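Taking the form predicted alone, here's one chain by itself in structure tokens.
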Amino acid sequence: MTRSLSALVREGFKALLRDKMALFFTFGLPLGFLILFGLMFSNNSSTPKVLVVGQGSLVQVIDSPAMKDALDVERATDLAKARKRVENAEVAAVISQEGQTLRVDYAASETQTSGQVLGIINGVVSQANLKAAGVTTPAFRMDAKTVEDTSLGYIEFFVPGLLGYGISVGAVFGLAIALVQWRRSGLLRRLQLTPVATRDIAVARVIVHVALAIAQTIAFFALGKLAFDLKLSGAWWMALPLVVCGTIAFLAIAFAVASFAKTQEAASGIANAVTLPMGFLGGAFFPLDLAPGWMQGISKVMPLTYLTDGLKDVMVRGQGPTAALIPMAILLGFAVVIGGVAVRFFRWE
């Protein structure tokens, strides 16, 4: 590393540490999202809570230890009060038996948990009917297995997604606003007139932001592991080269934003208009397979999609190092194309 490049890197780190707003958007905001979502979803049990009222052979089956992994069962004495708790969304359903009929009162608005409860109860009733008919060994059975690691949970989704979003925000906001500020103050023009090579200026900024992205990755890993029991699987260490390629792609976007924005306010607005939709359409906040087809199509032209997918593949889906190669190539391709456009329109003053 040349002396001028070393000096530019040092000054870049000093400027970054002095910029409290940039540090907030780089570390505080994405880590805050991780803490918020982690606390929200870690407190939500995947086992639906139901109330059982009265007696009966099927009620006793549902209230047996054999069902504890499928349902969180609580006894109740007053059927009317139990139904009121369902209406208030305190529990998923209330179950009672009237003769040979097993009654399930549930809230239609809670489609996911209600469907889960009804499926379990339907299985109990089916087993009871088979037993009553004298069928001890069913002719058919179902063998269902997940294609992903069974330990995959909410935190395994949010850590890669929010890490990718944090990297995009830190790179796009940090570089775009800095370049516009330097242009308006005349610093860019003075740097161009010095013996310092333009290449060194660009490389110094890349080094600073790549180091920052690596620090973000370590912070996300540490918080996810220590606070929310993040379970890493597969070639999780490939997250680092993926993060480097993603950072370069987002720096190219920042360069393009700075090429067209004339003021810091404009750069901030454009950067926000770029990163926020990418966060939603790039799989950082919710799974893209839940989105409409047209939205999934739009996500394919966003670099954040490939960064978050690649991170999930190597961090929590148990895939090997080769799973990161295609996302890395696509991210570098984004950097070349968008960077080429930015170079064409960039102004030093």
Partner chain sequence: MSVAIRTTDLRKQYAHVLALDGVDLEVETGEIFGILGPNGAGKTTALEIIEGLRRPDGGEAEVLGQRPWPRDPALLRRMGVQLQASSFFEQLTAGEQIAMFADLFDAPAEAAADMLDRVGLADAADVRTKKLSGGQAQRLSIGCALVHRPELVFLDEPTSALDPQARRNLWDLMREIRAAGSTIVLTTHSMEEAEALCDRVAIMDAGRVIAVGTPLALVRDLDAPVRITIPPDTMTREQAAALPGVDEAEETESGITLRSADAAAVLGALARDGRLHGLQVRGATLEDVFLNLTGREYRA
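These figures come from a predicted structure and were not determined experimentally. Numbering follows the first chain given and starts at 1.
Separately, the form predicted together with the partner chain exists; it is not shown, and the next lines address it.
Run the contact test on 222, 225 and 317 with a 4.5 Å heavy atom cut-off to the partner chain in the model of the complex and return yes or no.
-> Per the other structure, none of 222, 225 and 317 touch the partner chain.
Which of 211, 79, 273, 187 has a heavy atom within 4.5 Å of the partner chain in the model of the complex?
-> Comparing distances to the partner chain in the model of the complex, the residue within 4.5 Å is 187.
Between the options 182, 157, 260, 236, which residue brings a heavy atom to within 4.5 Å of the partner chain in the model of the complex?
-> Checked against the cut-off, the match is 182.
Just to confirm, residue 194 within 4.5 Å of the partner chain in the model of the complex by heavy atoms?
-> Contact with the partner chain, yes.
Quick one: does residue 7 come within 4.5 Å of the partner chain in the model of the complex, counting heavy atoms only?
-> Within the cut-off, so yes.
Touches the partner chain in the model of the complex: residue 329 (any heavy atom, 4.5 Å) | Taking the distances in the model of the complex, the answer for residue 329 is no, it never comes within 4.5 Å of the partner chain.
Classify residue 325 as contacting or not contacting the partner chain in the model of the complex by the rule of any non-hydrogen atom within 4.5 angstroms, answering yes or no.
-> No - in the model of the complex, heavy atoms of residue 325 and the partner chain never come within 4.5 Å of each other.
When the partner chain is placed as it is in the model of the complex, which of 121 to 129, 213 to 221, 94 to 102, 174 to 182 ends up with heavy atoms within 4.5 Å of it?
-> Heavy-atom contact with the partner occurs in 174 to 182.
Which residues within 2 to 27 place at least one heavy atom within 4.5 Å of the partner chain in the model of the complex?
-> 3, 4, 7, 8, 10, 11, 14, 15, 18, 19 sit within 4.5 Å of the partner.
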